[in-house]
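The chain that follows stands alone, in the form predicted on its own, written as structure tokens.
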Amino acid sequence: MKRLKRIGIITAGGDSPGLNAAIRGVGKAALGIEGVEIIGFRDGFRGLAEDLRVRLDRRALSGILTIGGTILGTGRDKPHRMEVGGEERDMTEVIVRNYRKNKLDALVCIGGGGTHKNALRLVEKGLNIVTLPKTIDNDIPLTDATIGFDTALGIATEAVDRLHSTAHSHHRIIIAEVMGHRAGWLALGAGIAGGADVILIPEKPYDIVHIATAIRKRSRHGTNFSIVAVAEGAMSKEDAAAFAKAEEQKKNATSKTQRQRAKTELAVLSARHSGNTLRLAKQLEELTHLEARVTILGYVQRGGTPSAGDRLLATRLGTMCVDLIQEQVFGVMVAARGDGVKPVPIAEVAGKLKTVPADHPWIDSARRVGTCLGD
């Protein structure tokens, strides 16, 4: 078996609590092996393309466990479509050359859905890649949890908790917009844990009249306030149907003109949806005659000190990553399974999404405590 000498690490995509804990987990486990060196590349895949290296020795890894963000920086650049000198270029072969030049035995890519698609392209080029699942959305398939989700869930839950007092004092509808474009894990979990009266997620297009009816029913029973937790990707049944129609038209387009028309329609729908939570508030005011106020949590969910759960998860996945590299198991993501971990092929993860199933226990629990899910 080839002796392990040098491991590269990048963090890519959006920042997330626990990234530094993951870097530390990989780094300290690897440095415990005689003769091994850890090389970090700055700002995601761009760092690989531009060979922006930093040596990760014990001193560099010291004290980062509790720090949010990532000491390596991050970015959303795609190896095959990277802006260089004002134009878009395929930098995949440049990355491969830099991998070889730095004599890497393996490259660890820590990131979300986009990172796994990009990592798979490098696997197909013959590079030894192992990935770690990171995203506050918890939407990466084949893993029980992702690095960053636990922290974001705690932050979002605390926000919903704090909004209760204002909603109660002013007899208002308070709407908390939580991150989650395509998956509703964060909004659903925070909504249940924070006692939201209405939870809206992307997987369940909502009926605004049904929501208003549920809120008016609370008023009739003497409760003149409501908390609504809504994922940023949640949408009405009408909007969901419009998106589905445009996607179908794009899929079935037989000419360049038809494809462009469908793309334009999708762009218009996406731009309109960006203000959906504010529009939802106005609609509920008109239908319930109660004041509605919106709080958009935004990037606060991704910042700050990682929770104990995320530090533990990141350390578990990071140390197991080094074991797999030693065993020369490549082209895999280190997935969390129960109290353990399991390598799963990156090819089975890339381009796929873990959404909330209609029969998930969280959905059942929400309904049983009287939460309106808008459907």
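All of these numbers come straight from a predicted model, not from anything done at the bench. Numbering starts at 1 and follows the sequence shown.
From this point on, the text means the form predicted together with 6-O-phosphono-beta-D-fructofuranose, which you will not see here.
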| property | result |
| --- | --- |
| Which of 94-102, 130-138, 278-286, 155-163 lines the interface with 6-O-phosphono-beta-D-fructofuranose in the predicted complex (heavy atom within 4.5 Å) | 130-138 |
| In the predicted complex, I227 touching 6-O-phosphono-beta-D-fructofuranose (heavy atom, 4.5 Å) | no |
| Distance check, R76 to 6-O-phosphono-beta-D-fructofuranose in the predicted complex, heavy atom within 4.5 Å | yes |
| Heavy atom of R121 within 4.5 Å of 6-O-phosphono-beta-D-fructofuranose in the predicted complex | no |
| Interface membership of D197, 6-O-phosphono-beta-D-fructofuranose in the predicted complex, 4.5 Å heavy atom rule | no |
| Option touching 6-O-phosphono-beta-D-fructofuranose, based on a heavy atom within 4.5 Å in the predicted complex, out of K237, H168, H181, R216 | H181 |
| One residue of K117, K204, R302, R172 in contact with 6-O-phosphono-beta-D-fructofuranose, assessed in the predicted complex (non-hydrogen atom, 4.5 angstroms) | R302 |
| Sequence-ordered list of residues in 197-233 near 6-O-phosphono-beta-D-fructofuranose in the predicted complex, where near means a heavy atom within 4.5 Å | E232 |
